[in-house]
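Below you'll find only one chain, the form predicted alone, shown as structure tokens.
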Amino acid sequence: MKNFVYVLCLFVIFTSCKNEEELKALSNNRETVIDSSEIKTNEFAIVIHGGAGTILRENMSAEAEEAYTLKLEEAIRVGYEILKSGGSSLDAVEKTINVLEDSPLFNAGKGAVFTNAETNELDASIMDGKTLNAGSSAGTRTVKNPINLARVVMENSPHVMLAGHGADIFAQEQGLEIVDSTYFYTVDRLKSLEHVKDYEAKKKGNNKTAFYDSTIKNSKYGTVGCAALDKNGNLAAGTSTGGMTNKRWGRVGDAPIIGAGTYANNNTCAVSSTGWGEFFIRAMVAYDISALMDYKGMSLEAAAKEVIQKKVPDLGGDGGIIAVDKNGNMVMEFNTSGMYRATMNDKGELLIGIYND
């Protein structure tokens, strides 16, 4: 009997040790399975856009394509150098957008489109992913670089958004560069306004025109934006626009709306949107991408596809976003025929795109 008990004890000890070894092996194996989206892809990264819409290769001259390509590269390299030298993502976003605002090629700053009254009303926003602090301005007429105003609203006021004449006054008080309204005048933008007005007059009475007529539909697009991750792990995003061609009644789109046109959170990602603003506001596009990552554990790529390729089209809108996550993964997602865009990573690798190919 004693021998039986002795053998039984040895069997229990042996199997227990074996099970512990198996459990340890399983545990070790489990630890090696890491979600690729959690791996640090880039120490720092920057991504920009210059608007989305019906941008077709056959409609673009070689000279125009080169001009857009060179300006996108000039802009992103400004932000890249800031990040490379250890500067903040906020500085990179602001200075990069300044380059795009100063170019008549894009619907922001100098290249802002005209309202129905042949004026220019500019919108912008910026957000700090570390603090979730944000600032924006809407409907300004004299601020040369609206993204700079958005930042001083964030840093030097108790508010998130200022609009209209009051925002112009605040900008002047803060020492920002103020220009005469004629600064924003460009012949091409005025011709675009006249073209849209002519189309609307011809199509008057057809409520579906805006959905199917490319001329009117494209008048709703045009924005510049930037999202960046710096060496300290801080994310930031910013967006600037002249809004919609032929807009009336002080219309405001998604660009200055935190959560729609711009969002940044160090726990997830930084996003800047471009598209038909009314739909991007309804879908809260920028925040929705962050929320899908935060609450559903989706990767940035999957979340961006869900919002841009499904949610926005289901509502009837279109456009795109650029974004970077906390690990330096970047996406440039759009459902239109083109989007002016560029990325640079910590290795200095540059990618520039215009068309949907």
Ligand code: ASP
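Position 1 is the first residue in the sequence shown; the rest follow in order. These numbers come from a predicted model, not from an experiment.
Heads up, the form predicted together with the ligand isn't pictured, but that's what we're talking about next.
> Pick from 244, 162, 99, 82: which has a non-hydrogen atom within 4.5 Å of the ligand in the model of the complex?
The option sitting close enough to the partner is 244.
> Just give me the single entry in 137, 274, 262, 89 that has a non-hydrogen atom within 4.5 angstroms of the ligand in the model of the complex.
In short, 274.
> Quick one: which of 250-258, 69-77, 283-291, 91-99 gets within 4.5 Å of the ligand in the model of the complex, going by heavy atoms?
Flagged stretch: 250-258.
> With a 4.5 Å heavy atom cut-off, would you call residue 125 a contact of the ligand in the model of the complex?
So residue 125 does not count as contacting the ligand.
> Taking the ligand in the model of the complex, which residues of 309-339 have any heavy atom within 4.5 Å of it?
The stretch 309-339, when checked against the ligand in the model of the complex, contributes no residue at the 4.5 Å heavy-atom cut-off.
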